[in-house]
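Below you'll find only one chain, the form predicted alone, shown as structure tokens.
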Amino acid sequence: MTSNLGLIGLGTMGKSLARNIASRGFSLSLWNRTTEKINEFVDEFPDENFYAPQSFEDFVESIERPRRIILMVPAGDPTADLIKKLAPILDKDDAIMDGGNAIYKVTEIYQKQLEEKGIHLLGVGISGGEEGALKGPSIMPGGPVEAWEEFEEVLTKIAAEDFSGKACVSHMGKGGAGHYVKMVHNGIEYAEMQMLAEAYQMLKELYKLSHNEIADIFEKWSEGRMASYLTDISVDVLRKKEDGKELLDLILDKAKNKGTGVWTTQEALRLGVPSPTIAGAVFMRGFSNSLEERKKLDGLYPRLEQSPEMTLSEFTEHLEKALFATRLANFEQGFAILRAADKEMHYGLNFSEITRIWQGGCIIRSAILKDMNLAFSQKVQNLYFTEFAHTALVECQKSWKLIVNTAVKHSIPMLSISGGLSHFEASRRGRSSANFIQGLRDRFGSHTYERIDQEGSFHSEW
């Protein structure tokens, strides 16, 4: 048996991606740490061109030269162990594709190690979950051009389609560019989910709406400029019932994470890029995990109960505008991180291409990406300077402030929506309060300051 490619890792994503690849006419040799899963998977899909090898050596030998091997295993030790195992037995010009959620720094270390042996490593971000992996994900590959060229055909065939019908895949750049872009994608995703959760909480607590009634509102939003994958699936989550009970009422309010949102926030801090919407979403997941403490404090500090000051239709109109404005601010924060990283690491990122490949398959796909794609194709940097964003923010800012003010009045935490508003307000301030900060720094530590009326650094005897 000689297969076109090899794939290691038959978890949820690996199995879906294997089926996607096979459906495009490629033959695949499969491997998994638990070898029983290989035969079970092959037996489940007997019509696909899968090969179940007898050993790891058989797996490697069964792949046509130069070999192309896809890793679909968790980042960290599982990936490290496989690369360590593969490196001595692969040949020059063989190529490995790491499709896990790896941190870009580790990807770049592996790339350097393997390049010494003439083996190419492509670090690939894949977004779309199980369904996307099977039907067409958004794919973000980064690494040596030689590695991209080895996998370009198969990745182009299995990817989702953008708004124009083109494949949602493009070479992001050298080094760990692919995993870096996917990391920021996930940071944006965290904030998108959090802002929708904040909208859900306001509608549920202020207006005592049922989940079906909230679903009706989200469904209406999904038909307009708030159209997005996450808005759509929010309707499914809100309407889901189990044994006659609403599933949301049964789900514990503790949110998990796999690290990419934290990494994005850490990168923003490292690069000095303000990203309060994304960081707020990460922090809210942290709050969610302090369950027992939250329950005790809830009883210690009763919330002020007030009746809403607007009709439901008025409120939902303001809330939709606040959400759209937050989405704009959220994407700008994500792209600001990418701009800073590209400047430092010289990846060669193409922001127009990034907004194109995020139009299909990925979790953050939304209607707004069409406007952003056009803006970036015209070499715009900051989204706040674009005509479409200016029009929207001028229209939405009053509603944005009203929603944040309402949340404060009713004791509803709103780190993402309010963080987006703070980001916008701070970004458009011609003169900030940093002069006061500099005065304090010079007073307690003689750190000096600059002046608006003279050149140079100054220190005062306070």
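Throughout, we count residues from 1 along the sequence that is shown. It should be emphasised that the depicted structure is a prediction, and the values quoted were computed from it without experimental measurement.
Another form, the form predicted in complex with ligand 6PG, is not on view; read the next lines as being about it.
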**Study point:** Heavy atom within 4.5 Å of ligand 6PG in the predicted bound form - residue from S275, S234, N186, Q111
**Key:** N186
Study note, to complete from the structure: Assert contact residue (ligand 6PG, in the predicted bound form, non-hydrogen atom within 4.5 Å, options G76, P308, G259, G118) equals G259
Check your understanding: Using heavy atoms and a 4.5 Å limit, would one call G175 a contact residue for ligand 6PG in the predicted bound form?
Key -> no
Review point. Do Y190 and ligand 6PG share at least one heavy atom pair within 4.5 Å in the predicted bound form?
Key: yes
Review point. Taking heavy atoms only, is S352 within 4.5 angstroms of ligand 6PG in the predicted bound form?
Key: no
Review point. Is there a non-hydrogen atom of R285 within 4.5 angstroms of a non-hydrogen atom of ligand 6PG in the predicted bound form?
Key: yes
Review point. Taking the partner as it appears in the predicted bound form, which of 119-127, 209-217, 290-298, 88-96 has residues with heavy atoms within 4.5 Å of ligand 6PG?
Key: 119-127
Check your understanding: In sequence order, which positions of 85-103 have a non-hydrogen atom within 4.5 Å of ligand 6PG in the predicted bound form?
Key -> N101
